[in-house]
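First, one chain by itself: the form predicted on its own, in structure tokens.
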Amino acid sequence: MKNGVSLYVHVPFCEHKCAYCGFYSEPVDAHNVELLVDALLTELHRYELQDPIRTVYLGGGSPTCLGRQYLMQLVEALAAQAPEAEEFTVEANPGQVDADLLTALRRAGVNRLSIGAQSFIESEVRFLGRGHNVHDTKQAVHHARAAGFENISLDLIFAIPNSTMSSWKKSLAAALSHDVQHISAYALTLEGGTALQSAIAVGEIVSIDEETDRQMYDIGIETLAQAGYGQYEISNFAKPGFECRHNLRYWANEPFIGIGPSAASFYRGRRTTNIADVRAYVDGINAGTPMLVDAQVPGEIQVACETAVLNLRRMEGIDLEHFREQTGYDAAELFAGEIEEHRKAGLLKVADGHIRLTRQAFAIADRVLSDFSTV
């Protein structure tokens, strides 16, 4: 990969408090949008970057919650800071975009759109409380194409309570009918403190069992493969050449800068995480105070472990030669015990100079990867 840095900008807002949103997303009408945008740009400028920005990812929450004026102000400022960026992604809530806004984003330099469809089953979208409907998603894809976007991604969620194997297959088929370049498919996760998590805890809602969750995941992999989407990471699928470059750099453990509340960075050997509280973040930035909840310079072994965990999320896995060049360690020696244990269990394979998860391991990847987080 080219030298440089990736930039992630976190807008921690949603239209209202969604059923499954956690600490990372808050209702937009509870905050001063102008102050947050100013703080985001102030934090970015403090880096005084000498390294070229290779990719930009504006995510959330939902950045389109900002409204056209402030979203475009932010996008145009980011584009000016990243003239060499090869990929500029904006996440979009389908109910918050129209033809004019998408045209403006494309003209401003955004060349990749990630649309938060979540589901193509109306009842499931309502359950998630995302403030859009299936028609909105279809319109968003149509308007994005008309605006000139040639790289469109759809986010899908499976294992939603009350969903079935049949509804998941229908949602997949509907997504594929739009012939987009990229699809991400995630199992619904239960964030602490959310309405959904509380309802499940007291038995008001029944979550999808682990076996059904795994079957839905397997069906997703098979269906997307048959449609020509290569699985290049545990939850991400793309047509050839349309893998998300920003995320590829992240999984390669390349330097990245995170801007905004709760955003994390790994830049010039230092890892930092911003405070999550929006008001405290804005006040701190305005006062010139670093608003960090964590800052550390990881040791060489820690960086090697982090690199291994991130690499293993990719279908490419750990490239042993590149890993040695990047970290100074032989992964086969450093993780010899872990590799042998999981190889015997059928969860890892070692071949062609790579260490990879097996298909059997995809659904329980976090359990395997945790063993590579320390040595």
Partner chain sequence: MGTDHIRNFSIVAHIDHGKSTLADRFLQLTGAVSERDMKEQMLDGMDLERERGITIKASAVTMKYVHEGKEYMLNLIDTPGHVDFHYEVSRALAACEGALLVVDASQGVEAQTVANAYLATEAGAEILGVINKVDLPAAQPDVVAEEIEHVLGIRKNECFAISAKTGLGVAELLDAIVTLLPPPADKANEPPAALIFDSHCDEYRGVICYVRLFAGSLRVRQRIRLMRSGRTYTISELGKFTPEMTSVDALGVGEVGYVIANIRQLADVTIGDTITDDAAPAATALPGYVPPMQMVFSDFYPGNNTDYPKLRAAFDKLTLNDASFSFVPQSSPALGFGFRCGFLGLLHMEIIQERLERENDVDVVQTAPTVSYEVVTTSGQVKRVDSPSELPDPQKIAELREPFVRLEIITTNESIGPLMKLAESRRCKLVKTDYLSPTRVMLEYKAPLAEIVYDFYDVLKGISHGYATMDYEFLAFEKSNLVRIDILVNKTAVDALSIIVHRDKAAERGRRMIIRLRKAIPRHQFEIPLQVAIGGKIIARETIKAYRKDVTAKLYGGDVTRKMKVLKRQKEGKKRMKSIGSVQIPQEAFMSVLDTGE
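Quick caveat, the model's predicted, so the values are computed rather than measured. Positions refer to the first chain, counted from 1.
FYI, the form predicted together with its partner chain isn't displayed, but the following is about it.
Taking L71, V97, L196, C305 one by one, only a single residue has any non-hydrogen atom within 4.5 Å of its partner chain in the predicted complex, and it is C305. Think of it this way: in the predicted complex, its partner chain has a heavy atom of just one of N247, N151, T89, T137 within 4.5 Å, and the residue is N247. Partner proximity in the predicted complex, defined as non-hydrogen atoms within 4.5 angstroms of its partner chain, places exactly one of 34 to 42, 338 to 346, 322 to 330, 61 to 69 at the interface: 338 to 346. Using a 4.5 angstroms threshold between heavy atoms, V309 counts as touching its partner chain in the predicted complex.
Its partner chain is not shown here, but in the predicted complex it comes within 4.5 Å of a heavy atom of Y217.
Its partner chain in the predicted complex is approached by Y186, whose closest heavy atom lies within 4.5 angstroms of it. Residue contact check for R271: one or more of its heavy atoms lie within 4.5 Å of its partner chain in the predicted complex. Using a 4.5 Å heavy atom cutoff, none of Q226, Y229 and H354 lies near its partner chain in the predicted complex. Looking at 207 to 236, the residues that come within 4.5 Å of its partner chain in the predicted complex, counting any heavy atom, are E210, E211, D213, R214, Y217, I234, S235, N236.
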